[in-house]
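Next up is one chain by itself, shown in structure tokens, the form predicted alone.
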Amino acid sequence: MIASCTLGEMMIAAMARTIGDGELVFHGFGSPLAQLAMHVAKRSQARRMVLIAGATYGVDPAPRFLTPTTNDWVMDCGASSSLDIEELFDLAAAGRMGRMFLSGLQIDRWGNCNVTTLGTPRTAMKLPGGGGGGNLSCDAQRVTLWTPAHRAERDAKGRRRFRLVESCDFITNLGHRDADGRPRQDYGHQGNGPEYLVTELGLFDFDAEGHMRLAALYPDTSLGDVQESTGFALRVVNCVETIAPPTRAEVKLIRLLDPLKIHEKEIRPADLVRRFDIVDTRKEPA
């Protein structure tokens, strides 16, 4: 019997729970955590969701295992059909993309993400860029953000480099307010912006002002852990909950889909040893 789970499996389950049944959900390139979250949701609590595979754009694929790269035909196995990239953007522009997963090297308090450039006003590092994230972050009805690199350790000089920052050096994907504090509603975008952020330290939502706030902690993290690794004054919900572990059935599914443990490449080495007890009586998905 499965008695415990890893941090990666906790994050995958938490990300999967953000998906609503019946939503059309997309994630682009690169993240096995986001891919597994979508497949876990599709095979458990959100069976009526429409899953669009990243890179290959297959519709409702059922791969037997996760490959080391998202751009692999294996990830399209069992798909009912596939889309062209133009069709994917048309779906979003038509308001039919229910949810998208996004991340960034910087994520600010309003849910803006930066995957373009670090350093301001002078560029210190050029990043890969957002592909279509700029468009899709405006059109997708809801966005789930994630990062497994929230913890900001001190370097040899005692400095911290924050992943969660007061403001992004460059906004690639739009959150709830722009760099000047102007709300996204002023632009007339149809998407509602980020709804959740899942990190290795906690789960966040966004308040009525569009500001990020801590909603839940892991069993082994504290409010102090989150604040010292966050580059802005933390807002917190009235009653901070504890993130529930996945069910045994969900852990079994994650391990079946990812026998090579591809998703652990996203997890920092220090977090690979974290374990969480599983106590559940829920039945395994059919």
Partner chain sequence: MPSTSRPIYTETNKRRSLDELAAMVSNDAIVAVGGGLSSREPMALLRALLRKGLSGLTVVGSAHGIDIDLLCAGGALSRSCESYVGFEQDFGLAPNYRRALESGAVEVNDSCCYTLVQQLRAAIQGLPFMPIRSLRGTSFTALHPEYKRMTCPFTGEELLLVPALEPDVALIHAQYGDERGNLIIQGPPVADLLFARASRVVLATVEKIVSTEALRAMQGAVIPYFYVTALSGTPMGAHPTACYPFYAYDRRHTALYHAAARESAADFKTQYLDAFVYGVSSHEAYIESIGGDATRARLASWADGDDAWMRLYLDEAVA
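Source: prediction; values computed, not measured. Positions refer to the first chain, counted from 1.
The same protein also exists as the form predicted together with its partner chain; that form is not shown, yet it is the one meant from here on.
Which of these stretches, 56 to 64, 213 to 221, 240 to 248, 227 to 235, has heavy atoms within 4.5 Å of its partner chain in the predicted bound form? Stretch with heavy atoms near the partner: 56 to 64.
Consider Ala152 of the chain shown here, and say whether it contacts its partner chain in the predicted bound form, taking contact as heavy atoms within 4.5 Å. Residue-level check for Ala152: no, no contact with its partner chain.
With the partner left out of view, is Leu201 within 4.5 angstroms of its partner chain in the predicted bound form by any non-hydrogen atom? Leu201 lies outside the contact set for its partner chain.
Evaluate Thr116 for contact with its partner chain in the predicted bound form, applying a 4.5 angstroms cut-off between non-hydrogen atoms, and reply yes or no. Taking the distances in the predicted bound form, the answer for Thr116 is yes, it comes within 4.5 Å of its partner chain.
Any non-hydrogen atom of Arg159 within 4.5 angstroms of its partner chain in the predicted bound form: Answer no; every heavy atom of Arg159 is more than 4.5 Å from its partner chain in the predicted bound form.
Residues in 29 to 67 with any heavy atom within 4.5 Å of its partner chain in the predicted bound form: In sequence order, Phe29, Gly30, Ser31, Pro32, Lys42, Arg48, Met49, Val50, Ile52, Ala55, Thr56, Val59, Asp60, Arg64, Phe65, Thr67 come within 4.5 Å of the partner.
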